[in-house]
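Presented below, as structure tokens, is a lone chain in the form predicted on its own.
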């Protein structure tokens, strides 16, 4: 059994993962098309010895995301971006998202094998089936497939892709063979016209909370990218479930579970809280007349709007008609729902403001806590952020994290230069890469043909 190690990746959304990250004074609002910036951010992550840079994809655009998830409105195609990152770096892994629901296995195998050669063994495939129905209308379909069909399709795709890699020629052009696959959805003869990837099989990531996604991740993925969970107990439950499923497939120590994490970090706690407040103050709020679960948020579906009317629904008390900067009376917050109480605790964790305390919770805090979060958020100085990472790692809630920078490049620099050294000093994270490939970083063996 391999020694358990902490793994860290960088989720790269050029305008930041905070909905107002692009409005931060130090952000680059058009960074999605600034390849020099993308390459420099990737080099920054590499200097900190992170495992990988992660490139998402969505296959659709939607102006409705402008206030909830602006980074997903417009960005470069991930394979082209990954090639540029690979050319500017030497060790860090490059994860690209490819959706088999709208692709064929021969094309995916060919693109990923090519990227693995270009990067000298640093490529990974984030296998998603797509949670966003908008993509269907861009690919000649009337509707997005249901979960069962998408996962049936994805599982056959993955099997064919791996067979194509195994049957691909060596770099000298010898050793290739046909696969003559005849399956439920695909007929593929092969062989691939690209040599077998340097990693044998390109590293596979998957994500999702459905039973089908958990099973695919446990059986076939090398890394499971875990979404947000409402409580620490739920996070541990998810982690244990993936581990138990992987064990049933004989892969207990071959799957890493990495949740998303948004660190709002600064040299002092007070500065970190002020930065968190600044980002929230830059958010564009929804008109009070607009309520309900109708805000599109891209790949994470829909969520509540940012206004006091929606906050009243979520917290279970009427807080409409107040100035957002005003403190909420403790008597009002005494009547919140069970879900409202959970969210009040989250507000205190992030802002250090309390119900009726010297720094009281404000109406604005309620509004900012109303929409669903993209990932777990931690606000604090470097030691406090490292404490949270260490706790999750040691308590069996995560094998590491995919870091969501709230804005770019400042939040990347803050994490890599303030938090990573603390983790290294504690012996939790590597100070040097042990090899050149992503499989080396993740401790994964080279699969035989």
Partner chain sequence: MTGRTGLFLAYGLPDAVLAGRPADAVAAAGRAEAAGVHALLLGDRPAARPGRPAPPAAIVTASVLAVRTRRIGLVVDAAPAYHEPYNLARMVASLDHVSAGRAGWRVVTGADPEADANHRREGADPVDGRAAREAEFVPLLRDLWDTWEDGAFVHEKDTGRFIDPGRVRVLDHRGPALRVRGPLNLVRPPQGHPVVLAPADHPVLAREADVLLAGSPEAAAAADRPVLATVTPFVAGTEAGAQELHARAGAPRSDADAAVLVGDGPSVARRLLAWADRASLHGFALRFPQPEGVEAFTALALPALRAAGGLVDGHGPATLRGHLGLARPENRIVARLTAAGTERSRPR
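Positions refer to the first chain, counted from 1. As the structure is a prediction and not an experimental result, all values here were calculated from the model.
Although it is not shown, the form predicted in complex with its partner chain is what the next lines describe.
Of the candidate stretches 415 to 423, 395 to 403, 34 to 42, 377 to 385, only 34 to 42 has residues whose heavy atoms lie within 4.5 Å of its partner chain in the predicted complex. Proximity of 241, 313 and 391 to its partner chain in the predicted complex is absent: no residue of the three has a non-hydrogen atom within 4.5 angstroms. When you look in the predicted complex, the only residue of 195, 216, 328, 158 with a non-hydrogen atom within 4.5 Å of its partner chain is 195. A heavy atom within 4.5 Å of its partner chain in the predicted complex is found for one listed residue only; from 189, 211, 338, 237, this is 189. With a 4.5 Å cutoff on heavy atoms, residue 284 counts as touching its partner chain in the predicted complex. Contact between residue 131 and its partner chain in the predicted complex is not found at the 4.5 Å heavy atom cutoff. Within this chain, residue 427 is remote from the site of its partner chain in the predicted complex, having no heavy atom within 4.5 Å.
In the predicted complex, residue 67 approaches its partner chain with a heavy atom inside 4.5 Å. Interface residues of 116 to 149, taken as those with a heavy atom within 4.5 Å of its partner chain in the predicted complex (partner not displayed): 117, 118, 120, 137, 138, 139, 140, 141, 142, 149, in sequence order.
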